[in-house]
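In structure tokens, the next block holds one chain alone, the form predicted alone.
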């Protein structure tokens, strides 16, 4: 795979032992992970050339989703809303400052257009395809195909996540690409979803970022 010189990131992990997850992540070929729900322990020793970021996951009623996004949007945290029904997804993508809408269950052209206007990336949680079986897995594949279709139409940035809670949940980039192909994602899209999209999110978090199309010289 010619693009495996890219830097890869997993922006949705929940490790009990961040240091161990970081060590395993580097061994798998990642350059960094985002840890959801808590700040990293300063005493933890991390691998060299490996970055740890803090993520905030919003799980709230639609009226609170907007409030929580505004609360955190000026921070350097990676801001994620766990998708669901249309009302929650709408509140998320229509509020400026959100980084990732993760696995919306109900997604359509109107929501995709709003996500495009506010530079919201659409996340695909691959742990669902690994854990589920039978009809439940078929439903998730159908949802992901639908989300991918709308994301492509509006040229949304895609992001792949593992939802890893320990090192045994973590998947190497090649495995992530293979799993994402089950719902139609191409190799180039999958590579970008673990490299280009995370790097763009980090770029927008930098102090030099103003908005798309404007650069400090």
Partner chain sequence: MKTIPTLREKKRYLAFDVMSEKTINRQELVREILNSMISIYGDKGASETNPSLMSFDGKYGILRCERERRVETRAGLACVNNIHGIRVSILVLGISGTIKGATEKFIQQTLVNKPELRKK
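Positions refer to the first chain, counted from 1. This one's a predicted model, so the numbers in the text were calculated from it and none came from an experiment.
What comes next is about the form predicted together with the partner chain, which is not displayed.
- Exactly one listed residue, out of 54, 181, 188, 51, brings a non-hydrogen atom to within 4.5 Å of the partner chain in the predicted complex: 181.
- None of 142, 131, 113, 73 but one reaches within 4.5 angstroms of the partner chain in the predicted complex through a heavy atom, and that residue is 131.
- Just one listed stretch, out of 153-161, 22-30, 56-64, 188-196, contacts the partner chain in the predicted complex at the 4.5 Å heavy atom level, and that stretch is 22-30.
- Within 4.5 Å of some heavy atom of the partner chain in the predicted complex lies at least one heavy atom of residue 174.
- Although the partner is absent here, residue 169 lies within 4.5 Å of the partner chain in the predicted complex, judged by heavy atoms.
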